[in-house]
Each structure stands twice: as C-alpha cells, then as structure tokens.
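The data below hold one chain only, encoded as structure tokens and taken in the form predicted alone.
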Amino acid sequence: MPRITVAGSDASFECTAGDTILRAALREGIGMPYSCNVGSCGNCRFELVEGAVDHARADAPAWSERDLKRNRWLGCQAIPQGDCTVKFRSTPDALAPARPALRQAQLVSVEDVTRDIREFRFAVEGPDAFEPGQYALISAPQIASARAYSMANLPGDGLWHFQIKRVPGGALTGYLFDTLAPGGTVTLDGPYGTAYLRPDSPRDLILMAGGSGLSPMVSIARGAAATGLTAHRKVHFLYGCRSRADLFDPSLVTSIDPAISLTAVLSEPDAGWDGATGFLHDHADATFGAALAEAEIYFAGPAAMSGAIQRMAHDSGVPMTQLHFDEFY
C-alpha cells in the first residue's frame, strides 16, 4: 500500500489501491484543500516531489499541460503508483466533523421532485454521520467515474437522500433514472464538502438554490430547524429556475418549519405568473441590499448561477467567510 509523505511536515498517510491522494488524506484527518472532488475546480492541486501518479481523469478541466510540465497534479484525480512525497499547504478548514468513508448503499425508494429532479433514498452501511449541506460521490460498476451529489436529509436514520437532476447524456444520471431500481446497490464515498451549516453563527441565513442545488439547501434548512436556529434567526430560502414547470411542491420547504420563508424566482415566467422574476442573484440583491453583508449565505446550483452570486456578494461587501458553497456542477 503506497505511503504518501507531505513535504515539510511530519504528516504521512497510506493510500489504498485505487484511492486518490486527496481522499486518502481526508480519510486520515489531513486537511488537503479541495472543493469539487471531480477535477473541475483545481483547489486540490499539489506538487509531486518524489514518486509517480496517474490521473483517474486525464481530461480534468482544472489540469493543464502547464501543470504537467511543473509536476503539479490534482489530488482528487491522482492515484499513486507507489510511495510518494507531495507538497501542499494543509488547512484544518478542509476537515469536517465526520471523516469520509467508502460504503455500499441500497436504493430504498425514488420520488419525483420536479419534472427532471428525483429524490433517491439509499440505506447506507455503517455510520451515517454528515453535516447538513455536505455531499457524497456515487459510483457504480457500470459507470466509468463517480459523480458528486449532495444529501437532502439529515443523518440519524441510516438513510442518505439525494435530489438529483437528470443530465442529458449523463452516464450516471441515466443509470440512476433509467436502470437502477429499489434493491439495487451503488457505492457511496463521503461525506465531503465544507459548505455545511454553521449553527454557531449569530447571523440570519439566506439559502439560494438552482436546479439540483436544491438538495443541499433543503438539508441546511432542515438542519437549521432541527438545531433551533429558526426560533431566533430568519431563514430565507430562494429557488431559481426557468418556468413554473421546473418548480417543486413548496411543502418540501414550508413543511420543514413555517418560519422559513420560501421565494421562487422564474427567469422565463409565463403570463400568469405573479411571483418574483429575473435571475436569482438580482432578486437577492434587490431584496436584501445592504443586509446581505450581515447574513450567512449558502448557495448551490449551476456554474453560471454560482459565479453570478459570488460577484453579487463581492459587490455587496459580503465577507468570504460568510459565503458557503462547493464548486461541483
């Protein structure tokens, strides 16, 4: 089993066959920075000082020929071929309370949420601990690579729920939607993610979701209610989509706690729509204004939406420590 040594420190860890350097580090409680876990953000980039690695995903968007020439690799894709020495800056912020683990999971039930989002509920082996807003990697033998999906529920009953949007041509979503039936199994690797609920913050919460970004925001809303935050803090839940056909049953959120305010924002409304219109970030800016800088903001959704919210938050003076998001899409 390869041993990975972190240059300039006393830290080292073992990496089991087929595991990546990032995930092995996190399993051992070593805070290697990361966000997306699927090769798209580049936050887990490291320098290979000694040894050899292969990339699980040769076409990872965040990895370039320039990186290769500098012997820099992505921790989430790098599989060591033997003992290695690597260089990166460890941070405790990359570590969540529960360490990630591989586990088998059996599909228990499936329920439609919108016309192209379904909730898949899996019974997991072993401890089911995770923080509201975290995600797991789902893989199946028939599919070449794992994909990241956020949990929508809270831990404690041995189940992990995922609200997943069908991606046209997506291998894994096609398998989940069209092939996997209750009783079937997948492999879950998690929990991962640092954009989870901070219950000790004294600020009001603004949750913004688009598409399957609904899943982690529902989990955070449930976590806020379960920990009693809704009794003394305002919780605003904003959901952005194109049309009324893309909306979910509002009771999905309103049944969590009546104190949570829900607003749907449509970018392409029909003539009969009398609710909020436009883009989600513009609505948030117009609605909250200067109060944005005093809120704890969580968001998840498509890359374009995520980028727009980040720019809006920056222009509104929101400190980065009050923005919580993961960069997988």
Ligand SMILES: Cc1cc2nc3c(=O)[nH]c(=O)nc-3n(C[C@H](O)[C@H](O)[C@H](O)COP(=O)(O)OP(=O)(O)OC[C@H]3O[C@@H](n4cnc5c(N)ncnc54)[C@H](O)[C@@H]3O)c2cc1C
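The shown structure was predicted, so the numbers you read here are calculated from the model rather than taken from an experiment. For every residue, the number given is its place in the sequence shown, counted from 1.
Beyond the structure shown, there is the form predicted in complex with the ligand, which is absent from this document and is the topic of what follows.
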query	finding
Residues 153, 260 and 262 all lining the ligand in the predicted bound form, heavy atom within 4.5 Å	no
One stretch from 241-249, 121-129, 94-102, 166-174 that, in the predicted bound form, holds residues within 4.5 Å of the ligand by heavy atom	166-174
Contact of residue 195 with the ligand in the predicted bound form (heavy atom, 4.5 Å)	no
Contact label in the predicted bound form: residue 146 to the ligand, heavy atom within 4.5 Å	yes
Heavy atom of residue 295 within 4.5 Å of the ligand in the predicted bound form	no
Partner contact for residue 40 in the predicted bound form: the ligand, 4.5 angstroms, heavy atom	yes
Heavy atom within 4.5 Å of the ligand in the predicted bound form - the one residue of 266, 30, 53, 36 that qualifies	36
Interface residues of 214-243 toward the ligand, as seen in the predicted bound form [heavy atoms, 4.5 Å]	215, 216
